[in-house]
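One chain comes next, on its own, written as structure tokens: the form predicted on its own.
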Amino acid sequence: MLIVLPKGRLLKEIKNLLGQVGISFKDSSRKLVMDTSVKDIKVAILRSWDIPKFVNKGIADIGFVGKDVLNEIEDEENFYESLDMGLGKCRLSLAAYKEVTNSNKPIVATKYPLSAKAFFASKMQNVEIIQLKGAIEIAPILGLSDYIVDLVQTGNTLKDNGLSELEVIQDISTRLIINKSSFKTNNSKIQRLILSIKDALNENFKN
């Protein structure tokens, strides 16, 4: 069984959680796929945006990934979103640098075009969406966009750059996803793992 984990700030937290349920490993900058303390379980560390692709194709059995990434999947989902981990909590929000005067068709810069499109469609508002990969906050400051749709944790980055958070679109957290075929073939093992992770999360929450 292969479990894929996200690079970045959440890796340590998820690694500690897996350790609590008896799956420990030494992460290495050189090794791409690592053995764990459980004989038939391996782990790989990937970019968050790649995790659903590996689980969807059945290359990985289980993955941990943010709901913000899952919202942007256009392919048919060949996995179950099994558990809200409650880790990495933040929010997907609408923000602007100044009052928007371009009301006919405002421009929105974002890393999350599908989420942004769905949000404005729900308001029956016609917008032009520009997808960016880097720091989104700079787009309205330099006049590229009227709004941004981006992840917000504390809001300090927005404030420091003179932007205002206008509306929370969705609360975001890390989810556990399971390939559908893997869930059928390794059902009892995966179910036990999910229950163990739930118990560990509950115990951590109490503490």
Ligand code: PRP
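Computed from a prediction, not measured in an experiment: that's the story for all the values here. Residue positions are given as counts along the sequence shown, with the first one as 1.
We do not show the form predicted together with this ligand, though everything after this point is about it.
Asker: Can any non-hydrogen atom of residue 151 be found within 4.5 angstroms of this ligand in the model of the complex?
Answerer: Flag for residue 151 set to yes.
Asker: Although the partner isn't part of this model, could you tell me whether residue 155 comes within 4.5 Å of this ligand in the model of the complex, counting any heavy atom of the residue?
Answerer: It does: once this ligand is placed as it appears in the model of the complex, residue 155 has a heavy atom within 4.5 Å of it.
Asker: Is the gap between residue 184 and this ligand in the model of the complex 4.5 Å or less for some heavy atom pair?
Answerer: Because no heavy atom of residue 184 falls inside 4.5 Å of this ligand in the model of the complex, the answer is no.
Asker: Though only this chain appears here, would residue 9 touch this ligand in the model of the complex if you measure heavy atom gaps against 4.5 Å?
Answerer: Yes - in the model of the complex, heavy atoms of residue 9 and this ligand come within 4.5 Å of each other.
Asker: Of these, 176-184, 38-46, 143-151, 58-66, which stretch puts a heavy atom within 4.5 angstroms of this ligand in the model of the complex?
Answerer: After filtering at 4.5 Å, what remains is 143-151.
Asker: Would you give me the residues of 163-179 that have any heavy atom within 4.5 Å of this ligand in the model of the complex, in order from first to last?
Answerer: None of them.
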